[in-house]
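The chain below stands alone and is given in structure tokens; this is the form predicted alone.
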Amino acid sequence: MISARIVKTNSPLKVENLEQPKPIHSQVLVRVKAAGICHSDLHLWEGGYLGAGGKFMKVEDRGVRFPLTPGHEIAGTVEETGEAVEYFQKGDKVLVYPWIGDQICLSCKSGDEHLCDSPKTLGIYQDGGYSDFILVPHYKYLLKLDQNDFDSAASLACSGLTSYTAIKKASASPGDNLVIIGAGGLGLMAVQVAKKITNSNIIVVDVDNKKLDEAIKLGADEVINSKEVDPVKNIKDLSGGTGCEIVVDFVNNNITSKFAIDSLRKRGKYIMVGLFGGSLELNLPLVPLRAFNITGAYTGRFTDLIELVELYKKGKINSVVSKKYKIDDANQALEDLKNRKIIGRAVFNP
């Protein structure tokens, strides 16, 4: 099988011919039809994240090992099954849930397998979907799809799931001002989800007018280009001068985190999602005086993905896929993502 692999961080991915695995027991071999290209893949390729004080947080310090085939947003068809597999057979259209845990930690036992203490995530801790085949360790990580739009379905497993979980965690009430920072793949999906499951006023902040135009098309009530105007002043103007109730930050760097905090009203909620890095200096007395809440959101449960796929099947949400690549173009794809040349999502079609 053909796979694009990170052999060494900050070096070109290498396209290799690997032996095609054969599934046993509860394993399923999936023929990849589409693999989403995610910012997490970019962080893997770069070797880590920027932390506090400019310190670089290496992914290898978190247990990532190279060489590795990245890609955790995977849709395709069942190619072959192990002898213990139930419910699935060759040819079934499937979406892969990649957030696999060790099954024994408290997170896994409570249903939060995506927050496992010793994760085994596909495309991060074991080979993923930048390939024409992937071995899924158990059929319980598959969801059946009822249509052939693999390109749109693939990103539900990460960008869709992350956006869905963050918006659910926001618990927006009717009339709340819900600010979404970042109109990339996650932010644009969040606009759609928020439009369907909340009755809030959706304000989207980004630095790219093309992406903001797309946000309006998908249901945003207001947009703000933070490169052209003061985002804090504009958010407060749009929320009656008091500030917004909720900020969901899909960028989450030292710039967005500061204006997110400054934009919140008393008792507001700030949900950090993005992994762009940096640090935030807090005026500590303001936290109790304004009683705001700061929390994080990272992907979601398998049950959340089931709910999200149902919305997708009913046509209530759809991933914005603007570019498609072949496996041989893996390096170009990541460069395009890094240079903000992709609106919405991009996918590999092996």
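Residue numbers run from 1 along the displayed sequence. Small disclaimer: the values here were computed from a predicted structure and weren't measured.
This protein has a second form, the form predicted together with a small molecule, left out of what is shown; the following refers to that one.
Although the partner is absent here, residue 40 is a contact residue: one of its heavy atoms lies within 4.5 angstroms of the small molecule in the model of the complex. Although the partner is absent from this view, residue 275 contacts the small molecule in the model of the complex, with a non-hydrogen atom inside 4.5 angstroms.
In the model of the complex, the small molecule lies within 4.5 Å of some heavy atom of residue 251. With a 4.5 Å cutoff on heavy atoms, residue 268 does not count as touching the small molecule in the model of the complex; it lies far away. No residue of the trio 27, 98 and 101 has any heavy atom within 4.5 Å of the small molecule in the model of the complex. Checked against the small molecule in the model of the complex, the candidates 59, 294, 297, 68 yield a single residue with a heavy atom inside 4.5 Å, and that residue is 297. The contact with the small molecule in the model of the complex, taken as any heavy atom within 4.5 Å, belongs to 207 out of 218, 232, 145, 207. Screening 132 to 140, 104 to 112, 181 to 189, 194 to 202 for residues having heavy atoms within 4.5 Å of the small molecule in the model of the complex returns a single hit, 181 to 189.
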